[in-house]
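The chain below stands alone and is given in C-alpha coordinates; this is the form predicted alone.
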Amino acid sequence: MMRLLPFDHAIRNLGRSPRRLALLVGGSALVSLLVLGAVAFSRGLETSLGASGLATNALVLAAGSEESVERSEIAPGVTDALATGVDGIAVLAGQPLVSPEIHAALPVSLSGEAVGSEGEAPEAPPVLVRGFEPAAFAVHPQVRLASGRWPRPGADEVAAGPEALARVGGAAAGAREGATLLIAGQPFTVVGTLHAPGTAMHGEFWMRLDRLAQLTQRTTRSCVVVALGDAEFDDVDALVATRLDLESVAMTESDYYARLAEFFAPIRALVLATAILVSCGAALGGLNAMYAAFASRVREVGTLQALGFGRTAIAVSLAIESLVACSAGALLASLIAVLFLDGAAVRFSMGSFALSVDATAIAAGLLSGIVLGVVGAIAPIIRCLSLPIPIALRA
(Lines give C-alpha, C1' and ligand atoms only; values in the text may rest on other atoms or scores of the structure.)
Protein backbone atom coordinates (compact mmCIF):
# COMPACT_ATOMS: atom_id res chain seq x y z
CA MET A 1 0.00 0.00 0.00
CA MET A 2 1.33 3.43 -0.96
CA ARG A 3 2.46 5.53 1.98
CA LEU A 4 1.23 9.15 1.70
CA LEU A 5 2.72 12.17 3.40
CA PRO A 6 0.68 13.53 6.31
CA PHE A 7 -1.95 16.07 5.28
CA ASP A 8 -0.63 18.63 7.76
CA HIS A 9 2.75 18.47 6.01
CA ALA A 10 1.23 20.17 2.98
CA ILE A 11 -0.60 22.71 5.15
CA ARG A 12 2.57 23.59 7.10
CA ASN A 13 4.47 24.10 3.86
CA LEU A 14 1.97 26.75 2.81
CA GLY A 15 2.85 28.81 5.87
CA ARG A 16 6.61 28.64 5.30
CA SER A 17 6.42 31.58 2.87
CA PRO A 18 3.60 34.01 3.68
CA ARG A 19 4.46 36.14 0.65
CA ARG A 20 4.20 33.19 -1.70
CA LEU A 21 0.95 32.09 -0.05
CA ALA A 22 -0.53 35.59 -0.42
CA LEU A 23 0.44 35.65 -4.09
CA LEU A 24 -1.16 32.26 -4.78
CA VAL A 25 -4.35 33.06 -2.87
CA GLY A 26 -4.59 36.53 -4.43
CA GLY A 27 -4.09 35.21 -7.97
CA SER A 28 -6.69 32.51 -7.47
CA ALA A 29 -9.12 35.02 -5.95
CA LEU A 30 -8.72 37.33 -8.94
CA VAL A 31 -9.35 34.53 -11.43
CA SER A 32 -12.37 33.23 -9.50
CA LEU A 33 -13.80 36.72 -9.05
CA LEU A 34 -13.62 37.45 -12.76
CA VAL A 35 -15.37 34.21 -13.67
CA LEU A 36 -17.91 34.62 -10.88
CA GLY A 37 -18.65 38.21 -11.94
CA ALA A 38 -19.21 37.17 -15.56
CA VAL A 39 -21.63 34.42 -14.54
CA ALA A 40 -23.40 36.82 -12.13
CA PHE A 41 -23.80 39.26 -15.05
CA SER A 42 -25.35 36.58 -17.25
CA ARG A 43 -27.59 35.24 -14.48
CA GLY A 44 -28.71 38.73 -13.44
CA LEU A 45 -29.69 39.70 -16.99
CA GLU A 46 -31.52 36.42 -17.53
CA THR A 47 -33.33 36.62 -14.18
CA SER A 48 -34.32 40.27 -14.67
CA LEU A 49 -35.81 39.66 -18.10
CA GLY A 50 -37.55 36.51 -16.88
CA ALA A 51 -39.19 38.37 -13.98
CA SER A 52 -40.29 41.30 -16.17
CA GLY A 53 -42.80 39.30 -18.19
CA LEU A 54 -45.77 37.22 -17.01
CA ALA A 55 -47.10 34.13 -18.74
CA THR A 56 -50.62 35.28 -17.72
CA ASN A 57 -50.30 38.41 -19.89
CA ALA A 58 -50.65 38.59 -23.67
CA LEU A 59 -48.57 41.20 -25.47
CA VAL A 60 -49.88 42.63 -28.74
CA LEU A 61 -47.47 44.66 -30.86
CA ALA A 62 -46.80 45.54 -34.47
CA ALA A 63 -45.96 42.75 -36.90
CA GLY A 64 -42.20 42.69 -37.48
CA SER A 65 -41.36 44.19 -34.09
CA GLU A 66 -41.46 40.97 -32.09
CA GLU A 67 -37.99 41.59 -30.61
CA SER A 68 -38.25 45.32 -29.91
CA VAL A 69 -41.37 46.89 -28.47
CA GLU A 70 -39.69 50.31 -28.79
CA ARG A 71 -39.89 50.02 -32.60
CA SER A 72 -43.50 48.87 -32.55
CA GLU A 73 -46.35 51.14 -33.66
CA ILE A 74 -49.97 49.99 -33.56
CA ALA A 75 -53.23 51.90 -33.93
CA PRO A 76 -55.08 53.06 -30.78
CA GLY A 77 -58.09 51.06 -31.94
CA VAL A 78 -56.33 47.80 -31.11
CA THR A 79 -57.10 48.39 -27.43
CA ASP A 80 -60.87 48.52 -27.96
CA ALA A 81 -60.74 45.59 -30.39
CA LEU A 82 -59.10 43.40 -27.74
CA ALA A 83 -61.35 44.60 -24.91
CA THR A 84 -64.54 43.81 -26.83
CA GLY A 85 -63.43 40.93 -29.03
CA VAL A 86 -61.95 38.50 -26.49
CA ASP A 87 -64.16 36.82 -23.89
CA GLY A 88 -62.79 36.04 -20.44
CA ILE A 89 -60.25 38.87 -20.14
CA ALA A 90 -59.55 39.74 -16.49
CA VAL A 91 -61.80 42.51 -15.19
CA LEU A 92 -61.22 44.95 -12.32
CA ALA A 93 -63.95 47.34 -11.11
CA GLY A 94 -65.95 46.51 -14.22
CA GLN A 95 -63.14 47.46 -16.58
CA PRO A 96 -61.26 44.91 -18.74
CA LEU A 97 -57.57 44.81 -17.92
CA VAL A 98 -56.23 45.93 -21.29
CA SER A 99 -53.27 48.30 -20.96
CA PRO A 100 -52.14 50.37 -23.98
CA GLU A 101 -48.55 51.56 -23.56
CA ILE A 102 -45.89 53.63 -25.28
CA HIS A 103 -42.24 52.69 -24.79
CA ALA A 104 -39.69 55.30 -25.82
CA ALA A 105 -35.98 55.80 -25.09
CA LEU A 106 -35.61 59.52 -24.43
CA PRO A 107 -32.69 61.66 -23.19
CA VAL A 108 -33.15 62.51 -19.52
CA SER A 109 -31.09 64.95 -17.44
CA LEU A 110 -31.45 67.05 -14.31
CA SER A 111 -32.86 70.52 -14.81
CA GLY A 112 -30.10 73.09 -14.32
CA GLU A 113 -27.35 70.46 -14.57
CA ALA A 114 -23.87 71.91 -14.30
CA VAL A 115 -22.24 73.04 -17.54
CA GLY A 116 -18.97 71.43 -18.53
CA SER A 117 -15.58 73.10 -18.82
CA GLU A 118 -16.13 73.80 -22.54
CA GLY A 119 -19.42 75.59 -21.90
CA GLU A 120 -21.65 72.70 -22.99
CA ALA A 121 -24.02 70.68 -20.86
CA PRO A 122 -23.12 67.00 -20.56
CA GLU A 123 -24.90 64.68 -22.97
CA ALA A 124 -28.10 63.29 -21.47
CA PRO A 125 -28.26 59.48 -21.36
CA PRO A 126 -31.27 57.78 -22.97
CA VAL A 127 -33.61 56.16 -20.46
CA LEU A 128 -36.72 54.11 -21.16
CA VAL A 129 -39.92 56.11 -20.54
CA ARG A 130 -43.18 54.13 -20.39
CA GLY A 131 -46.50 55.79 -21.10
CA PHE A 132 -49.28 54.11 -19.11
CA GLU A 133 -52.95 54.20 -18.20
CA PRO A 134 -54.48 53.00 -14.89
CA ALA A 135 -54.91 49.42 -16.15
CA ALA A 136 -51.11 49.11 -16.17
CA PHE A 137 -51.07 48.76 -12.38
CA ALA A 138 -53.12 45.56 -12.60
CA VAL A 139 -51.36 43.95 -15.57
CA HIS A 140 -47.92 44.68 -14.04
CA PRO A 141 -48.27 43.55 -10.41
CA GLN A 142 -44.46 43.53 -10.07
CA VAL A 143 -44.57 47.33 -9.95
CA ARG A 144 -45.66 49.17 -6.82
CA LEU A 145 -45.60 52.77 -5.69
CA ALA A 146 -43.03 53.09 -2.93
CA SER A 147 -43.64 56.76 -2.13
CA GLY A 148 -45.38 59.83 -3.50
CA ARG A 149 -48.14 59.41 -6.07
CA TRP A 150 -48.65 58.44 -9.69
CA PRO A 151 -48.58 61.15 -12.39
CA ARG A 152 -51.87 62.82 -13.29
CA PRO A 153 -53.26 62.75 -16.87
CA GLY A 154 -51.88 65.52 -19.05
CA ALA A 155 -49.51 66.76 -16.33
CA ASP A 156 -45.75 67.25 -16.71
CA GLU A 157 -45.09 64.59 -14.08
CA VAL A 158 -43.31 61.25 -13.92
CA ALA A 159 -42.83 58.38 -11.50
CA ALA A 160 -39.27 57.09 -11.42
CA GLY A 161 -37.59 53.80 -10.68
CA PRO A 162 -34.56 54.02 -8.36
CA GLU A 163 -32.16 52.87 -11.07
CA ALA A 164 -33.60 55.41 -13.51
CA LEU A 165 -32.85 58.19 -11.03
CA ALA A 166 -29.38 56.77 -10.45
CA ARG A 167 -28.74 56.87 -14.19
CA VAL A 168 -29.30 60.65 -14.29
CA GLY A 169 -27.14 61.37 -11.28
CA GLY A 170 -28.79 59.86 -8.23
CA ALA A 171 -29.71 61.53 -4.94
CA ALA A 172 -26.22 63.00 -4.56
CA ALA A 173 -26.81 65.12 -7.67
CA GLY A 174 -30.40 65.97 -6.75
CA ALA A 175 -32.25 63.31 -8.77
CA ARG A 176 -34.91 62.42 -6.23
CA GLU A 177 -38.62 62.74 -5.62
CA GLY A 178 -39.62 66.37 -6.15
CA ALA A 179 -36.76 67.08 -8.56
CA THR A 180 -37.27 68.55 -12.00
CA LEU A 181 -35.95 66.53 -14.92
CA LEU A 182 -35.52 67.47 -18.56
CA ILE A 183 -37.03 64.69 -20.67
CA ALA A 184 -36.46 65.28 -24.39
CA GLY A 185 -35.71 68.89 -23.46
CA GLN A 186 -38.96 69.52 -21.55
CA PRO A 187 -39.24 69.84 -17.74
CA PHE A 188 -41.06 67.16 -15.74
CA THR A 189 -41.46 66.81 -11.99
CA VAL A 190 -40.78 63.51 -10.20
CA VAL A 191 -43.92 63.00 -8.11
CA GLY A 192 -43.44 59.39 -7.08
CA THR A 193 -40.99 56.52 -6.76
CA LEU A 194 -41.88 53.13 -8.18
CA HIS A 195 -40.27 49.87 -7.12
CA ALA A 196 -40.03 46.71 -9.21
CA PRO A 197 -36.95 44.94 -7.81
CA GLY A 198 -35.46 42.26 -10.01
CA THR A 199 -37.19 43.48 -13.17
CA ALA A 200 -36.25 45.80 -16.04
CA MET A 201 -39.02 48.19 -14.91
CA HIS A 202 -36.95 49.11 -11.85
CA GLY A 203 -34.93 51.37 -14.16
CA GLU A 204 -37.76 53.13 -16.04
CA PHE A 205 -39.63 56.43 -15.87
CA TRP A 206 -43.43 56.15 -16.00
CA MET A 207 -45.49 58.97 -17.53
CA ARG A 208 -49.18 59.18 -18.38
CA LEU A 209 -49.89 57.86 -21.86
CA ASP A 210 -51.48 61.04 -23.24
CA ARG A 211 -48.56 63.20 -22.11
CA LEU A 212 -45.92 60.88 -23.56
CA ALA A 213 -47.85 60.70 -26.85
CA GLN A 214 -47.80 64.50 -26.96
CA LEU A 215 -44.12 64.63 -26.05
CA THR A 216 -43.10 62.13 -28.74
CA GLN A 217 -45.64 63.53 -31.25
CA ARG A 218 -47.13 60.17 -32.05
CA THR A 219 -50.70 58.98 -32.39
CA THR A 220 -49.85 55.27 -32.26
CA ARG A 221 -49.13 52.96 -29.35
CA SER A 222 -46.13 50.68 -28.83
CA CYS A 223 -48.10 47.71 -27.51
CA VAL A 224 -51.15 46.55 -25.62
CA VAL A 225 -50.79 44.26 -22.59
CA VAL A 226 -53.78 42.04 -21.83
CA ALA A 227 -54.33 40.24 -18.52
CA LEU A 228 -55.79 36.94 -19.74
CA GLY A 229 -57.87 35.99 -16.71
CA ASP A 230 -60.20 33.17 -17.85
CA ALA A 231 -59.30 33.74 -21.50
CA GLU A 232 -56.73 31.65 -23.31
CA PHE A 233 -53.80 33.12 -25.16
CA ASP A 234 -55.08 31.37 -28.28
CA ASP A 235 -58.18 33.55 -28.11
CA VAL A 236 -56.07 36.71 -28.34
CA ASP A 237 -53.85 35.19 -31.00
CA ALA A 238 -56.87 34.16 -33.09
CA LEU A 239 -58.39 37.63 -32.93
CA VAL A 240 -55.16 39.30 -33.97
CA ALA A 241 -54.59 36.77 -36.76
CA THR A 242 -58.08 37.22 -38.22
CA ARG A 243 -58.14 41.02 -37.92
CA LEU A 244 -55.64 41.84 -40.66
CA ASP A 245 -56.50 45.53 -40.35
CA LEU A 246 -54.84 45.57 -36.91
CA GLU A 247 -51.43 44.74 -38.49
CA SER A 248 -50.23 43.23 -35.24
CA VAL A 249 -49.07 39.98 -33.67
CA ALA A 250 -49.61 38.45 -30.24
CA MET A 251 -47.31 36.59 -27.89
CA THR A 252 -47.21 35.98 -24.19
CA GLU A 253 -45.29 38.60 -22.27
CA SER A 254 -42.93 35.92 -20.95
CA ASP A 255 -42.18 34.79 -24.52
CA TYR A 256 -41.30 38.35 -25.50
CA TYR A 257 -38.76 38.69 -22.73
CA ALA A 258 -37.42 35.21 -23.52
CA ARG A 259 -36.74 36.42 -27.07
CA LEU A 260 -35.14 39.52 -25.64
CA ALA A 261 -32.88 37.29 -23.53
CA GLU A 262 -31.88 35.41 -26.68
CA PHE A 263 -31.06 38.74 -28.32
CA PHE A 264 -28.68 39.53 -25.45
CA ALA A 265 -27.12 36.04 -25.50
CA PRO A 266 -24.11 37.15 -27.62
CA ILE A 267 -23.42 39.96 -25.13
CA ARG A 268 -23.49 37.50 -22.24
CA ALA A 269 -21.15 35.19 -24.15
CA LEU A 270 -18.80 38.09 -24.89
CA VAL A 271 -18.67 39.09 -21.23
CA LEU A 272 -17.89 35.51 -20.21
CA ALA A 273 -15.23 35.14 -22.92
CA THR A 274 -13.59 38.42 -21.87
CA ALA A 275 -13.57 37.32 -18.23
CA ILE A 276 -11.97 33.99 -19.19
CA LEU A 277 -9.28 35.70 -21.30
CA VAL A 278 -8.41 38.14 -18.51
CA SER A 279 -8.48 35.25 -16.04
CA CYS A 280 -5.97 33.37 -18.18
CA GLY A 281 -3.55 36.29 -17.84
CA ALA A 282 -3.98 36.32 -14.06
CA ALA A 283 -3.70 32.55 -13.97
CA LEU A 284 -0.39 32.61 -15.84
CA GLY A 285 1.02 34.97 -13.24
CA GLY A 286 -0.10 32.65 -10.47
CA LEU A 287 1.29 29.62 -12.27
CA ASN A 288 4.69 31.30 -12.63
CA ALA A 289 4.76 32.00 -8.90
CA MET A 290 3.72 28.43 -8.16
CA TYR A 291 6.33 27.01 -10.53
CA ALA A 292 9.08 29.11 -8.95
CA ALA A 293 7.96 28.13 -5.44
CA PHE A 294 7.89 24.41 -6.17
CA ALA A 295 11.06 24.42 -8.29
CA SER A 296 13.01 25.87 -5.36
CA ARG A 297 12.08 22.81 -3.29
CA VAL A 298 13.84 20.24 -5.48
CA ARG A 299 16.21 19.27 -2.64
CA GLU A 300 13.27 18.79 -0.27
CA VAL A 301 11.56 16.52 -2.79
CA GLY A 302 14.78 14.55 -3.25
CA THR A 303 15.11 14.14 0.51
CA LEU A 304 11.55 12.83 0.79
CA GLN A 305 12.28 10.28 -1.93
CA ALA A 306 15.45 9.23 -0.10
CA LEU A 307 13.36 8.70 3.03
CA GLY A 308 11.19 6.22 1.16
CA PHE A 309 8.22 8.27 0.00
CA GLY A 310 7.16 7.47 -3.56
CA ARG A 311 6.83 10.03 -6.29
CA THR A 312 3.06 9.61 -6.35
CA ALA A 313 2.80 10.41 -2.63
CA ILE A 314 4.96 13.51 -3.06
CA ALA A 315 2.92 14.59 -6.10
CA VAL A 316 -0.28 14.22 -4.08
CA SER A 317 1.17 16.35 -1.27
CA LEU A 318 2.25 19.11 -3.67
CA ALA A 319 -1.14 19.01 -5.39
CA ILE A 320 -2.85 19.39 -2.01
CA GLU A 321 -0.78 22.52 -1.33
CA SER A 322 -1.78 24.05 -4.64
CA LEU A 323 -5.42 23.02 -4.28
CA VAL A 324 -5.76 24.38 -0.74
CA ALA A 325 -4.20 27.74 -1.68
CA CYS A 326 -6.33 28.16 -4.81
CA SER A 327 -9.49 27.00 -3.05
CA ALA A 328 -8.88 29.57 -0.33
CA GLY A 329 -8.63 32.22 -3.04
CA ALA A 330 -11.89 31.02 -4.60
CA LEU A 331 -13.63 31.19 -1.21
CA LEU A 332 -12.29 34.71 -0.70
CA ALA A 333 -13.61 35.69 -4.13
CA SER A 334 -17.02 34.26 -3.29
CA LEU A 335 -17.15 36.25 -0.06
CA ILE A 336 -16.21 39.46 -1.88
CA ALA A 337 -18.84 38.79 -4.55
CA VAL A 338 -21.60 38.16 -2.01
CA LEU A 339 -20.73 41.31 -0.06
CA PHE A 340 -20.05 43.75 -2.90
CA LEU A 341 -21.34 42.37 -6.23
CA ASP A 342 -24.66 40.75 -5.38
CA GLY A 343 -27.43 43.15 -6.36
CA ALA A 344 -25.07 45.70 -7.92
CA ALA A 345 -26.84 47.53 -10.73
CA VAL A 346 -25.74 47.30 -14.35
CA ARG A 347 -27.30 50.11 -16.40
CA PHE A 348 -27.77 50.23 -20.13
CA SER A 349 -29.79 52.41 -22.49
CA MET A 350 -33.05 50.49 -22.13
CA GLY A 351 -33.06 49.96 -18.38
CA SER A 352 -31.01 48.18 -15.77
CA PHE A 353 -30.59 44.85 -14.03
CA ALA A 354 -28.82 43.61 -10.92
CA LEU A 355 -25.91 41.19 -10.78
CA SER A 356 -27.09 37.87 -9.35
CA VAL A 357 -24.52 36.07 -7.21
CA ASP A 358 -26.54 32.90 -6.86
CA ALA A 359 -25.55 29.27 -6.34
CA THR A 360 -24.64 28.88 -10.03
CA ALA A 361 -22.29 31.88 -9.98
CA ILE A 362 -20.62 30.78 -6.74
CA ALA A 363 -20.22 27.24 -8.06
CA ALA A 364 -18.53 28.62 -11.21
CA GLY A 365 -16.13 30.69 -9.09
CA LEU A 366 -15.25 27.78 -6.81
CA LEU A 367 -14.80 25.44 -9.77
CA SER A 368 -12.42 27.87 -11.47
CA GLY A 369 -10.30 27.99 -8.31
CA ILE A 370 -10.20 24.20 -8.04
CA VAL A 371 -9.28 23.82 -11.72
CA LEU A 372 -6.54 26.42 -11.33
CA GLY A 373 -5.17 24.56 -8.30
CA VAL A 374 -5.07 21.18 -10.06
CA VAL A 375 -3.84 22.36 -13.47
CA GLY A 376 -1.38 24.82 -11.99
CA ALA A 377 0.36 22.11 -9.98
CA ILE A 378 1.06 19.78 -12.92
CA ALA A 379 4.09 21.55 -14.42
CA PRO A 380 5.85 22.26 -11.08
CA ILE A 381 5.30 18.66 -9.94
CA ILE A 382 6.80 17.30 -13.15
CA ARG A 383 9.77 19.65 -12.72
CA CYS A 384 10.39 18.54 -9.13
CA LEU A 385 10.04 14.81 -9.75
CA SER A 386 11.82 14.56 -13.09
CA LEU A 387 15.33 14.78 -11.56
CA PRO A 388 17.13 11.69 -10.26
CA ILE A 389 17.49 11.58 -6.49
CA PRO A 390 21.29 12.26 -6.38
CA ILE A 391 20.96 15.32 -8.62
CA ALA A 392 17.93 16.57 -6.64
CA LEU A 393 19.86 16.29 -3.35
CA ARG A 394 22.71 18.38 -4.77
CA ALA A 395 20.37 21.06 -6.19
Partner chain sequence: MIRFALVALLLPILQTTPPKPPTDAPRIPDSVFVDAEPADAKCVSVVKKDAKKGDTVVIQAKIGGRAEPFVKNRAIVIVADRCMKSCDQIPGDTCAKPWDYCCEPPESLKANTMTLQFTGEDGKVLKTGAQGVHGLEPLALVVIEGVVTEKDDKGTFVVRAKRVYVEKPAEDEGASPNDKPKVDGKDPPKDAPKEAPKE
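The structure displayed is predicted, hence computed values, not measured ones. Positions refer to the first chain, counted from 1.
Omitted here: the form predicted together with its partner chain. The next part is about that form.
Contact annotation: residue 210 falls outside 4.5 Å of its partner chain in the model of the complex, judged by heavy atom distances. By the criterion of a heavy atom within 4.5 Å, residue 240 is counted among the residues contacting its partner chain in the model of the complex. Contact check for residue 222: every heavy atom lies farther than 4.5 Å from its partner chain in the model of the complex. Using a 4.5 angstroms limit between non-hydrogen atoms, residue 244 touches its partner chain in the model of the complex. Just one listed stretch, out of 309 to 317, 231 to 239, 159 to 167, 193 to 201, contacts its partner chain in the model of the complex at the 4.5 Å heavy atom level, and that stretch is 231 to 239. Of the listed positions (322, 99, 248, 72), a single one reaches within 4.5 angstroms of its partner chain by any non-hydrogen atom in the model of the complex, namely 248.
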